[in-house]
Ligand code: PAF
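Here you get one chain, nothing else, as structure tokens; it is the form predicted on its own.
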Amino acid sequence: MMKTDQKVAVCHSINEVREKIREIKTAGNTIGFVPTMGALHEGHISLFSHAAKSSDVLVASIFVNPEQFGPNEDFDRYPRQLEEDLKVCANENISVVFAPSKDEMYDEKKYLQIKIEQLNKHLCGASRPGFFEGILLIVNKLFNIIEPDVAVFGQKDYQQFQIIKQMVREFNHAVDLEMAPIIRANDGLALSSRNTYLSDEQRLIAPSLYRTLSFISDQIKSGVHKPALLISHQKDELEAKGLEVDYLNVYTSDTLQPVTELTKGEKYLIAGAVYAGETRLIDNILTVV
């Protein structure tokens, strides 16, 4: 059953959304797609705005994907607020929202899987085994269902973007990928649905990650070409402020491999992940030496 909330067509089944997409494409419109897990915030809104610039009709998905959560991660408590999210979508001129159930998206038994080489060996992939395989599984499904002309992802999840870009290339999806910049709070904290987990005290120290990345970037631009010692000191600074460092390093921007010596003129990813209590925060900056 499809219902309409203001101008938003809310589809809960694959057949429903495919029928709606067919109507949109038959009318000659291009589709801009933003996949989300809901709990929408200003960061998501920026993705919608970005997609609107290069497509006629906006489609969003809202689905908390169980395949990208580990056994001890926050799947059960991840924020779910569909009614509030639909109001945001209506305000942002989203024409179709695909909000399926787990049973709609996954069979009880899966016989096939996606394997990733190299691109998931570092950064978030190193500490979250199976995470990116789960992301590729759902994004592959969504691309097959929605068949968008353009899909927009945020730079905050840079590793995700690079891996999806490779999937599009190798699986021959007919979609253009676009990466939108990170949206930050006034103090620099990258916006995330998980920020709602932070206590008042944790929220005060959370922007330290961005300040650390910015400092490393400034030092690199000032001539530091062997950043190992700099990074080691910055890890100590973050730990002293009460944050547990998962990773902090400089990586190649394409293959996501850690580097020990930088080459002038090359673009690098400075990225980190920390825990504020039990809340995992990620952030990054792209820098040209």
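Bear in mind the structure is a predicted one, so any value in this text is a computation, not a measurement. All residue numbers are counted from 1 along the displayed sequence.
What follows is about the form predicted in complex with pantoate, which we do not show.
**Q** Quick one: from S46, N249, S55, N65, grab the residue that has a heavy atom within 4.5 Å of pantoate in the predicted complex.
**A** Spelling it out, the residue with a heavy atom inside the cut-off is N65.
**Q** Identify which of L213, I135, L123, A151 has a heavy atom within 4.5 Å of pantoate in the predicted complex; exactly one of them does.
**A** After the contact test, the surviving option is I135.
**Q** Pick the stretch from 30 to 38, 255 to 263, 217 to 225, 238 to 246 whose residues have a heavy atom within 4.5 Å of pantoate in the predicted complex.
**A** Flagged stretch: 30 to 38.
**Q** E147: heavy atom within 4.5 Å of pantoate in the predicted complex?
**A** Result no; E147 lies far from pantoate in the predicted complex.
**Q** Please run the contact check for D157 against pantoate in the predicted complex: heavy atoms, 4.5 angstroms, yes or no?
**A** Yes, contact at 4.5 Å.
**Q** I'd like to know if L209 sits close to pantoate in the predicted complex, meaning any non-hydrogen atom pair within 4.5 angstroms.
**A** No, no contact at 4.5 Å.
**Q** In the predicted complex, does V139 come within 4.5 Å of pantoate, counting heavy atoms only?
**A** V139 belongs to the contact set for pantoate.
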